[in-house]
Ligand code: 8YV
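The chain below stands alone, shown as structure tokens; this is the form predicted on its own.
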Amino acid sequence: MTSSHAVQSGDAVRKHVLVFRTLPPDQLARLQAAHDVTVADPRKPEERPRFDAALAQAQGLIGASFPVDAALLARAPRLEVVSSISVGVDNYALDVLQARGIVLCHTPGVLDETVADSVFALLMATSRRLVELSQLVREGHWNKNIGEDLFGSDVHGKTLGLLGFGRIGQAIARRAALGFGMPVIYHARRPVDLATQAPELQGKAEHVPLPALLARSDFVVAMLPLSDSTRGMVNADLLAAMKPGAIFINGGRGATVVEQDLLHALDHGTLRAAGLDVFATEPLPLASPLRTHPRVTPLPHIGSATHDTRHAMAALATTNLLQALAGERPAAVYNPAHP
């Protein structure tokens, strides 16, 4: 049982930390060496009472994939820092955190290349119908050479259009332009200075207006953060403006897409297929038509899901928390101007 106040230990002050998602043992040990730590997953009914009890004394929170909303924050009056093991901060009441001066940290950078790998793999799997054709073999239906009805579409040399051109978007662009000879166009709030941010893409990636991107792109890949301006951005009008036969990929945030409009575009429009790693509701409900649609390749939000990358994210989140509790500026404070 820990005391209700921070404890002086040598020159360091031990504070109360609440871990609400499993950390790797080595990262948990880092926290325990410096602070009094409670581990409690609020998603598990048997651990929820311990989580609720620890909130009252918590000065630091670390975890992911659980809503830290205004009601929860009201039960954590001593909170100084929230360290999210994620890049996105959709689960956090940003206005309350800001009003109370609570530091919010996240984990950008360490997952960029891994997510880019996943998104480009999803693009390739969707265009070449790999999941569908693998299932054909598994189910014993490959008894002759496939016909044109099962052909996919080329990736190399086709035009890639990116909605959003942050670090991950640029990593996807490198794979497309440098590896597959694909012309890359992108639309973002402002053009990126390629000379300083991505010199290898100079002359290979072009900022264009949204209508031009939709009309020209064989693949439209959405890597958008979720905000008031992007929520529902991929709607019926946007999908109808896409090049006939184009493929849509979403590796950003599920709520940027109006899923009923996407289904309508697949069934009644000219959209060839969709590859989705994110959804408006996760896990994807069993009743969702996206789960079994023949021209949708769905994945269970695996963008950063490798052992190496998830450990790197946990390590950065732990560093962020330790630095903030020590009164230092964390390595990765969330900045709404550069999500």
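Keep in mind that this is a model prediction, so the values were computed, not measured. So that there is no doubt, residue numbering starts at 1 and follows the sequence shown.
Not on display, but discussed next: the form predicted in complex with the ligand.
Among residues of the shown chain, V87 is one whose heavy atoms approach the ligand to within 4.5 Å in the model of the complex. R50 falls outside the set of residues with a heavy atom inside 4.5 Å of the ligand in the model of the complex. In the model of the complex, the ligand sits beyond 4.5 Å of every heavy atom of A40. The ligand is not drawn, but in the model of the complex it has a heavy atom within 4.5 Å of S304. The contact residue chosen from V258, L111, L266, V81 relative to the ligand in the model of the complex is L111, the criterion being a non-hydrogen atom within 4.5 angstroms. A heavy atom within 4.5 Å of the ligand in the model of the complex is found for exactly one of M313, L55, L271, V296: M313. Shown alone, this chain has one stretch from 87-95, 125-133, 202-210, 172-180 that lies within 4.5 Å of the ligand in the model of the complex by heavy atoms: 87-95. Of the residues in 20-42, only R21 comes within 4.5 Å of the ligand in the model of the complex through at least one heavy atom.
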